[in-house]
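The chain below stands alone and is given in structure tokens; this is the form predicted on its own.
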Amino acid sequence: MQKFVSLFIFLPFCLPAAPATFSKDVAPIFYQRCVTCHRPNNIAPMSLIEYKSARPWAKSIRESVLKRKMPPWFADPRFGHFSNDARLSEKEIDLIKSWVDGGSPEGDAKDLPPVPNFAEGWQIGKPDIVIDIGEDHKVLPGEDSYDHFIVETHFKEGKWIRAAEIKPGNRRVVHHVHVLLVQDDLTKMEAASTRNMPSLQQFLIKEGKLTHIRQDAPVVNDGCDANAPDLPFLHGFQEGGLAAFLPGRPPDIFPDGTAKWIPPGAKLEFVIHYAKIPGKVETDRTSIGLYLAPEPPRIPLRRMDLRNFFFQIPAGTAAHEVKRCYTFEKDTLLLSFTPHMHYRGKDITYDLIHSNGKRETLLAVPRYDFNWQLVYRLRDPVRVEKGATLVVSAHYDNSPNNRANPDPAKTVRWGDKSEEEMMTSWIEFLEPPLPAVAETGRR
């Protein structure tokens, strides 16, 4: 009798834990980490907001999170800390695995958290001002194209903006977008729009709506070489645009206390890359939403664009290196990095060489993916002293082993087409007077 009583007492403690359910355990993860993309009429292939739309994908979701393919995040964890790190925690991964392994039950709908609210398709709420490209633009099938649309803001007074979100009118055809402030002096617009780069024109060939570097243009793979020829944009930096839309990149939400200025009477240039599509003619009316700052900023936010236009990637090479350097002319506070390459992009690293010779890696992306061009926002902004040098080192896989490679037998140079290549970095920064930042042990 005594043995039976003891067994009865301890039996409840041996029962298995309740299985994970969608409503109680998995939906909170999806709502916080996934549904920005995985929702109806958005970029992802399925919605994870409702159980009935998520359940058929359960095994695929399990595989993607276990292999850390989703959410996409490519920064090497050994270098730097980032405020927008998208990696799931081990606890979150275990919950998703438990849910799938347990049959992917829905659970009690009463446990479901509030569904995130996306205002009229905008990720960060309803904008204060919306400006579109001014037409229902026709996109022809079978063509890769860059189109430029210049539109009036009709601003009678200048505007400080705290955020900007670009919303493609047709996600099926819009690959990426840059929005620039139009300047009367085109030399001040040497940014994302190659149409407005006077100093580069002699090296470019324009074919329809696309531009690429001349095959006989000088070749400079190492833009850090002190003996490299003095070619456009191998030194200094280009002033960056107002906002960008790239695969996997979130809207431009500027750090607290900063903002960007749009002057009265300004014009905006939309530079839109329309991807090659099969089938019928499509239409697009892309727009930008502007979110006004409550007051002028302590420090205006800026963006530097670092490029190498003169590289050449030989056919068949598996790890061809292309570099670009910038030596800071002022004390600077670095806030974020966005690397941009095409199908052959393999990896990219950002190293800072301080004026005392010390070298540190700020960001390393060992597995670049053209389908997910992420922004990496530094959790602790990096204070850079005048005279320090940023070294950007990229590698390209033009070999047959690269499954995404359009043609490993082809020598590749810079060009607008996805089948050609780019070597670009968009870097947000602040200049003096700089705010105080916590010491992070650098130098």
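All residue numbers refer to positions in the sequence shown, first residue = 1. Quick caveat, the model's predicted, so the values are computed rather than measured.
Omitted from view is the form predicted in complex with ligand HEC, to which the following refers.
Interface residue among A27, V412, V384, C34, judged by heavy atoms within 4.5 Å of ligand HEC in the predicted complex: C34. This chain is displayed alone, yet in the predicted complex one of F203, W372, W160, W122 has a heavy atom within 4.5 Å of ligand HEC; that residue is W372. Only one segment in the set 68-76, 287-295, 302-310, 328-336 has residues whose heavy atoms sit within 4.5 Å of ligand HEC in the predicted complex; it is 68-76. Using a 4.5 Å cutoff between non-hydrogen atoms, S393 does not count as a contact of ligand HEC in the predicted complex. At least one heavy atom of L88 is located within 4.5 Å of ligand HEC in the predicted complex.
Remark: A404 does not count among the residues lining ligand HEC in the predicted complex, judged by a heavy atom distance of 4.5 Å or less. The closest heavy atom approach of W57 to ligand HEC in the predicted complex falls within 4.5 Å.
In the predicted complex, the residues of 38-55 lying within 4.5 Å of ligand HEC by at least one heavy atom are, in order, H38, I43, A44, P45, M46, L48.
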